[in-house]
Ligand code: BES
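Quick heads-up: it's one chain on its own, the form predicted alone, in structure tokens.
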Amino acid sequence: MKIQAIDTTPQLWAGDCLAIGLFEEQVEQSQHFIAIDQTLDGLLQEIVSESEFKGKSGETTWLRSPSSKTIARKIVLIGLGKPDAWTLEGLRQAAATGVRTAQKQKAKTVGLALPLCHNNAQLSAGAIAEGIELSLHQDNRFKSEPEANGSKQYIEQVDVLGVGMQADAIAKAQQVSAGVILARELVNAPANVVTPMSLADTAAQLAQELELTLEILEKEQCEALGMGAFLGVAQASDMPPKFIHLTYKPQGTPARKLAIIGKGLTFDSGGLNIKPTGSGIETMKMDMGGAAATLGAAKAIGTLKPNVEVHFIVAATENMISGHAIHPGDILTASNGKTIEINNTDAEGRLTLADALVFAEKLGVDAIVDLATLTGACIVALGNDIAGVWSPQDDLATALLSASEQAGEKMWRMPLEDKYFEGLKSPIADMKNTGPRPGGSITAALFLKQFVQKTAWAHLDVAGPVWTEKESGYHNVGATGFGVRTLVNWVLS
């Protein structure tokens, strides 16, 4: 599918389907509406009146143009809501609505006429391109008939009207979207397809394609580094753990050095504290959503090539049950020497992240961000659409929140209440791996904090927004690829 920026006005664009965005309470005052209505001899006004189209956010109506008119064969009107609430995310959603509607109309060529956000053509063109790419992505790899049930791709070209000279912005958005799609496909794939080994293979493919440096630490090398927390989780699985370290280095001296760590549990049974049926065990293929976002960001960063050195780290394993599994009550020693009493084997992600954080800090980076599907408590606190952000550094937290706002990925800063660490104290070890039920996402962040000494660090709990059960905007049912665009924006900022 080709996306191109052109300056053609909507009334002069000819193709299969033209989608026009209109603000609430300003529908009939829009210059595009007036011009096209005149071309169609008042037909646009008729359809608006008959359908009672008001321009509310997400509202749509459409009509077929008379064959005698040299204009698009079909016209789609998209409601944008109130103009004072217009954002880049609204632009993505509107673009998604436009191309989804055109796809249902079996259009091959589509024109999109949407108002700029903040009068910024570059950001607006990028947001539109993201909405197009991500809404049309269909993951049908595991269907015997991939194009069944109306999933055939009809659209071949989308013209973004009124943003000429923004080809670079569109190309960048497509490169970032490719990273999001990689993350989606990794999370969507079942645990018998995405394993620690296949995650390592994905990293190897990225390294080869994008000229990145790859280091894969096998079990013996992890043992030599004292990664007892990570290996404790891995010891029950028949699949060997893989500690993945993928590095992008620009030419010359980098402006910054950063590390991104993604939780890489390719399946989480809960261990001996097994998850019962109905608790979500059937969805635990997505417990590597942080790793997927990390590798998706690596794909985008490796393509965009900023002047920033970035280390992408994934401690990949399964959390399984066998005669080798860690027991509740066992004590593990992490690679920084801290001891951990295991009081819940289902709080395993933080154990793998602990050794990954220690490894990352030894690289001498300026900042570390980890992201993980870590706690159900974060979903209870913030719902399914918002990720939690914890950081002792205000500047880093602010930068991440700004990056997430630009990406349209909702995040909220949460407190690092040091007093709550009392609930993690153990009488026989340095700490337990879980605390009391209240403030569970906060104590999880405080646990991770013990494995970073001096480097600026932030933790993102993305348990809610990495997955959706309903089609919405530019997200299909399943994995969302959440986190990739925020991470890329943060690196590029």
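In this text, residue numbers run from 1 along the sequence as written. Being a predicted model, the structure only gives us computed values, none of them experimental.
One more form of this protein should be noted, the form predicted in complex with the ligand, which is absent from this view; the next part is about it.
Distance criterion of 4.5 Å from any heavy atom to the ligand in the predicted bound form singles out 287 from the list 409, 370, 133, 287. A heavy atom within 4.5 Å of the ligand in the predicted bound form is found for one listed residue only; from 442, 44, 460, 463, this is 463. Contact check for residue 377: a non-hydrogen atom falls within 4.5 Å of the ligand in the predicted bound form. Contact between residue 344 and the ligand in the predicted bound form is found at the 4.5 Å heavy atom cutoff. Heavy atoms of residue 434 reach within 4.5 Å of the ligand in the predicted bound form, making it an interface residue. Using a 4.5 angstroms limit between non-hydrogen atoms, residue 268 touches the ligand in the predicted bound form. Comment: 344 to 352 is the region of 223 to 231, 75 to 83, 344 to 352, 111 to 119 lying near the ligand in the predicted bound form, near meaning a non-hydrogen atom within 4.5 Å. Heavy atoms closer than or equal to 4.5 Å to the ligand in the predicted bound form belong, across 243 to 277, to the residues 263, 268, 275, ordered by sequence position.
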